[in-house]
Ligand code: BG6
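Here we start with a single chain on its own, the form predicted alone, put down as structure tokens.
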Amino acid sequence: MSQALPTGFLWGNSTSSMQTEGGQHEGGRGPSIYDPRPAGPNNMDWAVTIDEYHRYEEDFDLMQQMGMNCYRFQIGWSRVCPTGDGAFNEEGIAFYRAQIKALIARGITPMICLYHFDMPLALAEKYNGFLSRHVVDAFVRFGKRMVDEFADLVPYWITFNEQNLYSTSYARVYAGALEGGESDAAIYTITHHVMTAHAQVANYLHAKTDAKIGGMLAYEECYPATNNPRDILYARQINEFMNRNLLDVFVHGHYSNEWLTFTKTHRLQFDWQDSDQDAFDDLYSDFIAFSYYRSHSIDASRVPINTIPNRYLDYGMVHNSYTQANEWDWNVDPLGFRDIFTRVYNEYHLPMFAIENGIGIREPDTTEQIQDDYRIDYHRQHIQAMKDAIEQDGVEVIGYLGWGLIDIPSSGGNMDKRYGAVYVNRTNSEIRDLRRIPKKSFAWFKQVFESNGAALR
């Protein structure tokens, strides 16, 4: 048995509302941009998912049995404000209040995420999502109301899940932009609008409550594919434009010098307003949150001339032959996990919080216990890498939350890509009885959580 982590370390689970709740037409909920998406051969629709709307007590019991002391979940914007900018739905607010109290009763610390890609459909159709300043204002109004409702019970908050995804070629999808949004300038505008919304909500929470809030990134270590100096340059630029630029705002209240210089020399307008700097001036973070699943390698020779760094991986991402990967080519790289902890902590000197980590695997369609040794091996390696960052590199870490430790569909709706330690009896095409069946890894997680990280074998 190895050394336990400090007392108070948080162990738990992360999910989103659209991947768990279902209850699509219940409780006064309005439609989100996910609702119209039809089922297909490799994805389900979003009407039921794993029916957390009716089964959260059962799942919280499982979390308690597994030894979790933290659960990060999302408040569905459409459930508490059906049109996104109109009247609030008291029944939806009561649903989340009941969830929070049920967690606390089980000794599980709640952590709230306010937005996980599921824009209220009305705001997408009328205003084109976060391409619009109106939607920024609507999100801030929603965020402030949720802080008023729940910050006395919820000590940890994030605004946007994986906020650097709003700096990619797929920004429009995450931002709820139904028209346009593909241009370089549109990506930078979405990046800025989302950051402005984050700053205003974070400032309000700090002014009104004792709760803590931090920015969150989808951090994927990016290596140069070779010793070619251009590969090395591109790997550095990817980190600068996708990660450090946002971290500089979260921590220091300004975009990075390189990013700002790039926008000026390339004449990229991103709807900067003087009042935005006022919000940035007051902004600070209590921690840095991130998800980590895999790493990348970049081959600069594949990237067309005059491509912005935000799009390098669209063209130049190549498989890292030194790592294994699942069938979706998401590789296993625990050393990349450690490097992110240590490098970001050394530079920004804020507590780190790993709030998503896991591996998606296609598993047998069976109600017998699944022998998921591959999942145990993945999480053992990553938890050990985190412990090495803490014990050998001196990193301050708040907690470790696995992703979807009770099976949920992937963000694309694929129930075949399973991350959980608990099997949920449904497929993409069949809802079935949704029975929860612990896998072999359930007992392993229980031993890790209850030993505070000491018992990894």
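If you're wondering where the values come from, they're calculated on a predicted model, not measured in any experiment. So that there is no doubt, residue numbering starts at 1 and follows the sequence shown.
Unshown form predicted in complex with ligand BG6; subsequent notes refer to it.
Residue in contact with ligand BG6 in the predicted complex (any heavy atom within 4.5 Å), chosen from 425, 410, 428, 64: 410. Checking 116, 192, 206, 343 against ligand BG6 in the predicted complex, a heavy atom within 4.5 Å turns up for just one residue: 116. Interface residue remark: residue 403 is counted as part of the site for ligand BG6 in the predicted complex, having a heavy atom within 4.5 Å. Though the partner is left out of this view, residue 162 does reach within 4.5 Å of ligand BG6 in the predicted complex, counting heavy atoms only. Using a 4.5 Å cutoff between non-hydrogen atoms, residue 29 does not count as a contact of ligand BG6 in the predicted complex. Proximity of residue 356 to ligand BG6 in the predicted complex falls within the 4.5 Å heavy atom cutoff. Taken together, the three residues 13, 387 and 449 all stay farther than 4.5 Å from ligand BG6 in the predicted complex, as judged by their closest heavy atom.
Residues placing heavy atoms within 4.5 Å of ligand BG6 in the predicted complex fall in a single listed stretch, namely 154 to 162, out of 331 to 339, 154 to 162, 97 to 105, 141 to 149. Interface residues of 419 to 437, taken as those with a heavy atom within 4.5 Å of ligand BG6 in the predicted complex (partner not displayed), are limited to 419.
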